[in-house]
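The form predicted on its own is given below as one chain in structure tokens.
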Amino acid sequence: MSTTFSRSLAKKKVMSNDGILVGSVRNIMVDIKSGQVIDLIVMPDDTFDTAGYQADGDRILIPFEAVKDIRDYIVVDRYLSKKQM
């Protein structure tokens, strides 16, 4: 994956690799020491089933390792998106 600016992620739609609209990015979580993105903080779409996802209030956290592509949408692997708790 190529590099991208964090501001280009703001409010970008998140879609699973099987074509389901997950929601839109509201923020990102970054490791301050390494500078690596850890999680996408996503406001889920009303039709998206959030069961099994780590929640932060009304938002869900999607591990950045689940991101497969960033273009018009952020494409995530739906199965990697669910954090092991």
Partner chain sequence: MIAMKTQITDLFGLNVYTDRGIFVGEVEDAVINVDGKKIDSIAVGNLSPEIRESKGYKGLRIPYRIIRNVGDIVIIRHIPNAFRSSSTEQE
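Numbering follows the first chain given and starts at 1. Since this is a predicted model, take the numbers as computed values, not measurements.
What comes next is about the form predicted in complex with its partner chain, which does not appear here.
Within 4.5 Å of any heavy atom of its partner chain in the model of the complex lies no heavy atom of residue 73. Its partner chain is not shown here, and in the model of the complex it never comes within 4.5 Å of any heavy atom of residue 58. Proximity of residue 31 to its partner chain in the model of the complex falls within the 4.5 Å heavy atom cutoff. Its partner chain is not shown here, but in the model of the complex it comes within 4.5 Å of a heavy atom of residue 67. Of the residues in 31-62, those that come within 4.5 Å of its partner chain in the model of the complex through at least one heavy atom are, in sequence order, 31, 32, 33, 34, 35, 36, 37, 38, 39, 41.
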